[in-house]
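A lone chain, given as structure tokens: the form predicted on its own.
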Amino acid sequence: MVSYFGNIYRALSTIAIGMGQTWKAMFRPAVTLQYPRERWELPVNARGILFMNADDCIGCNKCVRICPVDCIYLDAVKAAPDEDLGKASMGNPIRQHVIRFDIDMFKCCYCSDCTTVCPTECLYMTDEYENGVYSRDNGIYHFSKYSPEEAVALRLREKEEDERKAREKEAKLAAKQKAAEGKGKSAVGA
């Protein structure tokens, strides 16, 4: 008989506890966020969309090598010896033209590894997190400061410079071989 009334007491007390929670929640202000009009304030270290400051990039390729999902594409062309590209904001000299710097945000896993290895801190995570697009092509962000025509001209100039250096190297090698042959003939004739 005691267990019967004990069960009734436990049932009524649990109902009272549950109803108390219901009444508290009924008069508490709502925490629902009306998303398009209101947005959450993100924490300080939140990882959002990647951004690259093209003026500070030195084309060192560290971000490309450390990216675990290969979502960063970088092409750089060496500057001419007489060309001064200035310095990055951290004081690093810029020795290359960064003709292509693309980030495929659909591949990005938001690990932030690329931002930690960047010596000029030109690559960083923003607090933007809305990057929904209608086309897959719109998910690739382009950060180059050169137009496609300028990029082609810079590549062509680099190719011509490389060919000129190769011709000079071949000419020096041929001259050394000729000099070695001349010494060999004079040693045989003596």
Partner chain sequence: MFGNLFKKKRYIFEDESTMVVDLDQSAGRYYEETMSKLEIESYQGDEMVVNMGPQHPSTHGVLRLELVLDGEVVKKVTPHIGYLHRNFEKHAESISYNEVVPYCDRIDYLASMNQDLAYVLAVEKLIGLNELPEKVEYARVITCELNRIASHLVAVGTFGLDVGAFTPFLWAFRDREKILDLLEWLSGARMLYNYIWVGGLARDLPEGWLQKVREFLDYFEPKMVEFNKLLTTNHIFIERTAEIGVMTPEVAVSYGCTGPVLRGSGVKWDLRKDEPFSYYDKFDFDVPVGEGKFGPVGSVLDRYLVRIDEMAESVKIIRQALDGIEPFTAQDVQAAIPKRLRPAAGAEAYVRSETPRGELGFLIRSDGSDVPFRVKSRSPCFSNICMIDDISRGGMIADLVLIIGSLDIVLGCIDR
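Positions refer to the first chain, counted from 1. All values derive from a computational prediction rather than experimental measurement. In this text, rigid core is short for the largest set of C-alphas that superpose within 1.5 Å between two forms.
The protein also exists as the form predicted in complex with the partner chain; that form is not presented, and the subsequent description refers to it.
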Requested in this report: Would you check, heavy atoms only and a 4.5 Å threshold, whether R37 touches the partner chain in the model of the complex?
Outcome: no
Query raised in the report: Do M90 and the partner chain share at least one heavy atom pair within 4.5 Å in the model of the complex?
Result: no
Query raised in the report: Is Q177 one of the residues lying within 4.5 Å of the partner chain in the model of the complex, judged by heavy atom distances?
Result: no
Query - Close approach of C67 to the partner chain in the model of the complex, 4.5 Å, heavy atom - result: yes
**Report entry** Partner contacts for 103-122, taking the partner chain in the model of the complex and a 4.5 Å heavy atom cut-off
**Finding:** C109, C111, S112, D113, T116
Query raised in the report: Aligning on the rigid core, do we see the C-alpha of R10 shift 2 angstroms or more between the shown form and the other one?
Result: yes
Query raised in the report: Is A166 among the residues whose Cα moves by 2 Å or more between the shown form and the other one after superposition of the rigid core?
Result: no
